[in-house]
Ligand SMILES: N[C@@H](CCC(=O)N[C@@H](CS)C(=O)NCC(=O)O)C(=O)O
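Quick heads-up: it's one chain on its own, the form predicted alone, in structure tokens.
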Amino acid sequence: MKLIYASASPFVRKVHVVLLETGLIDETSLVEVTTTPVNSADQAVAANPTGKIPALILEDGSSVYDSRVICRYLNDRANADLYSADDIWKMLTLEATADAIMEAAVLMTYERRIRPEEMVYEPWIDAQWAKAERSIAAIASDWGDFLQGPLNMGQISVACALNYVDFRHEDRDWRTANPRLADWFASFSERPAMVATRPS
């Protein structure tokens, strides 16, 4: 398999962590690309018509894309148990909530990095942060049980989302209002797969 990726992307990181946690990293070549919403890398477009990453190219040349789809594929391929059949819809909703945090934080990043300075729209940035902040609070209050116990996809997704907020938006203080979530995140971030994929 080949993973089309950029190391700073939280969606890519989620897949990378799953590859490490399932042992499938040994079957996967990592193909790093430089891509943006306004200038998609050729390899990304070849693997995914939207040009988004990550995209996973399989041995037969076909592609699997969108991080949630890739993670489900890898989980099944490895016969892992990251998506327990118990409360599967709640688990998938937690993963979607974490992905929504990533999406909002990425859009905040792009608003400043891609647009000319005179076109940056601060209310848009504020609205994206409000989405992320509400989602973080919901995870802290409603999904504590899913963040405990054996490794699961919700844990990986939430940790990658929170780390991306820290990575790109370190001035946003999500910890003060969510101290138990902050403690969990500090502990989970020490997993070898999290340390190995930490963006720099």
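Residue numbers run from 1 along the displayed sequence. Just so it is clear, the structure is predicted and the values come from calculations on it, not from any experiment.
This next part talks about the form predicted in complex with the ligand, which is not shown.
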property	result
Which of 132-140, 166-174, 147-155, 48-56 sits within 4.5 Å of the ligand in the predicted complex, heavy atom basis	48-56
In the predicted complex, Val106 touching the ligand (heavy atom, 4.5 Å)	yes
4.5 angstroms heavy atom contact with the ligand in the predicted complex for Asn178	no
Interface membership of Thr35, the ligand in the predicted complex, 4.5 Å heavy atom rule	yes
Contact label in the predicted complex: Thr22 to the ligand, heavy atom within 4.5 Å	no
Partner contacts in the predicted complex for 1-24 (non-hydrogen atom within 4.5 angstroms of the ligand)	Ser9, Pro10, Phe11
